[in-house]
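Listed next as C-alpha cells is one chain, alone, in the form predicted alone.
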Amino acid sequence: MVEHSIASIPADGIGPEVISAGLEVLDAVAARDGGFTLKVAHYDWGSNYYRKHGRFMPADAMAWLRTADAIYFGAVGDPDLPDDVTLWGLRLPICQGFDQYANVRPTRILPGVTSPLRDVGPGDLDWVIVRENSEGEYAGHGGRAHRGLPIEVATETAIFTRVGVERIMRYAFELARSRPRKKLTVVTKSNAQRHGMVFWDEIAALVSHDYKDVSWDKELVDAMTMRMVLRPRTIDTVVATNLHADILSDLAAALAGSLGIAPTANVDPERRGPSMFEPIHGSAFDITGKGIANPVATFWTGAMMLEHLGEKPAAVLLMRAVEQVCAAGIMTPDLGGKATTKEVTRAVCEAVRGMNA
C-alpha cells in the first residue's frame, strides 16, 4: 500500500473548518479505495502564529514542507493585519520557494448548482484557467520613495522572463491538448502594455508552432470578461498572467455559482518539490465560526491533489460523490441551500462509502 505524506496548513479564518472537512473526506476516499493511505502533518502557521512569534511560519518551515508529497492549504488573511503582510508572509513564500509556477483553476457548473448566467447549465461552462504563478505583476519588484511627501512615488514592476513565459505557455498548451476540445485562449493586454504583454504574445505565438493540434486565439483581458459572461461556450482552456488570471478566475467561480466551490492547484510540473492545493475563497472572516463555510472547493482541491499524487481513480470517485451530494440539494447557503459545513461533509463521506466502483 502506498503512503502519501501531506502537509496540512489550515491557517486563517474558515481555513481550519474547511481543511478539517477536506481531511475527513480524503480519509473516507482512502479507506474506500484501499490502495493508499495519507500521513498528515499538521502545521499551525498563519496569523495567530504571527502574533506569537512575529512571523507566519518558522525559519525552517520550507525544510519541513519539502518532506511532504503535497501541501493542503486553507487560507491566509486576517482583518487586523494588512493583506500584503499576510500574503507575503505565508502563501507566496511557499509558492515561490518551491517554484510552483503553474496555478491551475478549473471551473464548471456542478449538478444542482444554478449559475447566475441565463440559460447556462452543467456542460455549458467547463473551463480551466492557467495562471502564471511566479512572476508577472506579483513578482514583488518595485518600491516607494519620499514617503509622506507631496512628491511621494510608488512603483510596481511586472517581470516577464523568457523562461517564465515559455514554460507557462507550454504547460497551458499541453493541458489544452489533453482536453477534448483542444482549444486555448491566451489572455493579454498588449494594446496598452507594449513591452511585457507584447513579449507575452510573441512567446505564445512561438510556442504554438509546437502544438499544431491545438487551436488557439488571443483575447484582451477586458474583452475576456465580456466573453466569459456573454459567450461562455466559446471558452475551454485559458492562460493568463498572474494578475489577470487571479481576477478572471474569481469571475469564473461566481459564474459557476459561488466562490465556495472553486479549487486551485499551485503546481511545480517538474516535481522538484511539493505542490500546494488550496480553495480560492480566502479566509472569509465574515462567516468564520458560523459552521456554514462551503467545503466543496476544498473537496475539489483534494481531488486535484489526489490526481497529482497518481491516485486518479480516487480523485474521480471523490468528484462523483461531490456531484451526487450537490445534485441532491445538500448545499451551504452560498449556493442557496440550508446545510451546514458538517452536513455537507457527512453527506459526501456517505456518498463516497456508498459509491459504486
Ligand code: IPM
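Nothing here was measured: the structure is a model prediction, and the numbers come from that model. Note that residue numbering follows the sequence shown and begins at 1.
Although it is not shown, the form predicted together with the ligand is what the next lines describe.
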The ligand contact at residue 113 in the model of the complex, heavy atom, 4.5 Å: no
Proximity of residue 131 to the ligand in the model of the complex, heavy atoms at 4.5 Å: yes
Residue 105 within 4.5 Å of the ligand in the model of the complex, heavy atoms: yes
Heavy atom of residue 87 within 4.5 Å of the ligand in the model of the complex: yes
Which of 131-139, 189-197, 169-177, 144-152 sits within 4.5 Å of the ligand in the model of the complex, heavy atom basis: 131-139
Residue (of 280, 267, 109, 204) lying close to the ligand in the model of the complex, criterion heavy atoms within 4.5 Å: 280
Neighbours of the ligand in the model of the complex among 241-274 [non-hydrogen atom within 4.5 angstroms]: 246
